[in-house]
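Have a look below at one chain only, the form predicted alone, in structure tokens format.
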Amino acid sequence: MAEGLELAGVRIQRNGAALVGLDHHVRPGEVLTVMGPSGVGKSTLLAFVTGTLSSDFSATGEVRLDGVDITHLPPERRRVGILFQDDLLFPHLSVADNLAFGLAPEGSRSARRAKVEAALADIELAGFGPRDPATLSGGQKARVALMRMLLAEPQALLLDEAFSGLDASLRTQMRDLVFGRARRLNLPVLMVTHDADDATAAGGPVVELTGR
């Protein structure tokens, strides 16, 4: 069984026009960067991997995660986490409740609370649980969004321009945090970005989509 994320013969078309063609094996802890201009199909590729591809597109090929074909599983069963440019925290929930949303439903209330408190401490936000997400800085929101996704225990991580909304110093910090966690947890990472510096920081293979 091959570990990691495999994109086997993935071909995506729209109205008969080829958008994406990719064959790649992303090993645990490795980051595959997919680059290309806007509209070339980068986010479309991620939608195929997560199972949220619009019916406007047609696709062939397989997505395998740790040797298991997940191509036709519903999104909630794929065990794939994704981070976007926007943090997408729930504004009506506290920071702690946002994190708890990532947890599996089983377990006692006290056990879940303990996991949330440990997660906050892990991202240097101890005591921030009762806070309204609107009171957090951009970097703090990004860390909470990352930890919420990790609490769901994904087996692969997708990054959709995840760092592009941050200023230069925060961008460097979040790259280090995300890539470091992925290596530590042995998560294969598929990142789409416009920024060559993201690819350099990731240190893995780079694929250019041209839209031909």
Partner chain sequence: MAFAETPAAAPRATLRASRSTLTFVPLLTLAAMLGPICAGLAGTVLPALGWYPAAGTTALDGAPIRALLAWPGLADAARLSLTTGLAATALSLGIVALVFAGWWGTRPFGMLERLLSPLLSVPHAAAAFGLAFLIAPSGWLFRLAAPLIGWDRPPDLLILNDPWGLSLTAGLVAKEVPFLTLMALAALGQSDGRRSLRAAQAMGYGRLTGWLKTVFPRVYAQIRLPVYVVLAYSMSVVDAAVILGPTTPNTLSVQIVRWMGDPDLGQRLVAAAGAVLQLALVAAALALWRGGEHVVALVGRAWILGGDRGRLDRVLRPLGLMAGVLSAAAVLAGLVALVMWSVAGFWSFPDVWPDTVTWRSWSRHGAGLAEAARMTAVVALASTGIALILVLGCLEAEHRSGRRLTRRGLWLLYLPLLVPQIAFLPGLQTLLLTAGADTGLLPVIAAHLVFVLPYVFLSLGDPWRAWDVRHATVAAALGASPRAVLWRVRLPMLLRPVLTATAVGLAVSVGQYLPTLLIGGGRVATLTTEAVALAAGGDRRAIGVYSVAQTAAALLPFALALGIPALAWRNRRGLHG
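Everything quoted here is computed from the prediction, not taken from an experiment. Residue numbers count along the first chain shown, from 1.
The following text describes the form predicted together with its partner chain, which does not appear among the structures shown.
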Please pick out the stretch from 182-190, 165-173, 65-73, 26-34 that is in contact with its partner chain in the predicted bound form, where contact means heavy atoms within 4.5 Å. 65-73
So in the predicted bound form, does any heavy atom of Met149 sit within 4.5 Å of its partner chain? yes
Touches its partner chain in the predicted bound form: Val206 (any heavy atom, 4.5 Å): no
Is Asp122 near its partner chain? Define near as a heavy atom within 4.5 Å, in the predicted bound form. no
Ser94, heavy atom within 4.5 angstroms of its partner chain in the predicted bound form: yes
